[in-house]
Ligand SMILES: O=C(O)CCC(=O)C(=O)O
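Only one chain comes next, encoded as structure tokens, the form predicted alone.
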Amino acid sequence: MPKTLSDAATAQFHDDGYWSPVPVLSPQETAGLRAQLEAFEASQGGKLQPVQRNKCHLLFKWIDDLIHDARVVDPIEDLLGPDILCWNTIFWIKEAGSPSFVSWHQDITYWGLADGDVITAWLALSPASKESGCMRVMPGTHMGDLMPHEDRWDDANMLTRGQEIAVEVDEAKAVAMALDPGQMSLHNVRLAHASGPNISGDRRIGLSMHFIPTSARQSVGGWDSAALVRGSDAHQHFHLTPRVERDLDPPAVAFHEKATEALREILYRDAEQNTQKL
């Protein structure tokens, strides 16, 4: 029996590649997490450093708690089964009035993950509306062969390489996944997706959490890490990340340095340049 998702939700996820919205946090909880993030940003000049955007569950206890939270993991178990790893966590922050955007792309093209589905849970900590640049998806593009991509190195593109699908995308078929604070969306990382600039008066703050079954493996490079968030890991394809005792916990910060260096090598493999967005 599913823990959270209805039969209709799981069917749409498998057929179209996404499901949204999924309620996760109360308004009070969401506001509290946003306040924690913004207090940390204020302590270091007002924003995250690029290296702090990825594998951030190794830096902040509240994110490590989130990736183990049943409200997040139960719907993932409905789709992946009982043995689950969280491979990465990424902040996606667009300031009010920011031109930052995400081009049409399929994540799996660059992540090197094989032998298992990969699901992104994208949690809104502020309103993710059409005006603020919510995610848009192209239903059904998770099926079949991956589309060709090009690296376009646009400074306003939030992706590491400015990677973009190199064939025409029919925008009329795109579905906007608007979210209220505390809601999350789910999508298969083979699904083509994008987002536009934030023309609203508030920051658009999102946290993506990327889940894989323990059967998955990294096909690029010799070392990668993931957090075991449910069940057991009989395959041991990834080095398991430590639990975080407090924000900026020294052992976890040291692990974060190694983990992000390995991730950088994966994401920039065969690239003509390194933009240091990670």
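All values derive from a computational prediction rather than experimental measurement. All residue numbers are counted from 1 along the displayed sequence.
Not on display, but discussed next: the form predicted in complex with the ligand.
>> Since only the chain is shown here, I'm wondering whether Glu131 would be in contact with the ligand in the predicted bound form (any heavy atom pair within 4.5 Å).
In response: Heavy-atom contact with the ligand at 4.5 Å: absent for Glu131.
> Does the ligand come within 4.5 Å of any heavy atom of His210 in the predicted bound form?
Replying inline: Yes, His210 lies within 4.5 Å of the ligand in the predicted bound form.
> Is there a heavy atom of Trp122 no more than 4.5 Å from a heavy atom of the ligand in the predicted bound form?
Replying inline: Yes, contact at 4.5 Å.
>> Using a 4.5 angstroms cut-off on non-hydrogen atoms, would Val102 count as touching the ligand in the predicted bound form?
In response: Yes, Val102 lies within 4.5 Å of the ligand in the predicted bound form.
> Which one, 70 to 78, 144 to 152, 164 to 172, 86 to 94, holds residues whose non-hydrogen atoms are within 4.5 Å of the ligand in the predicted bound form?
Replying inline: Heavy-atom contact with the partner occurs in 86 to 94.
>> At 4.5 Å by heavy atoms, is each residue in Val220, Thr260 and Arg264 next to the ligand in the predicted bound form?
In response: No, none of the three is in contact.
> Using a 4.5 Å cut on heavy atoms, which of Leu113, Met138, Met184, Met135 is close to the ligand in the predicted bound form?
Replying inline: Going through each option in turn, the one that passes is Met135.
> Of 175 to 203, which residues get within 4.5 Å of the ligand in the predicted bound form if you count heavy atoms?
Replying inline: His187, His193, Ser195, in sequence order.
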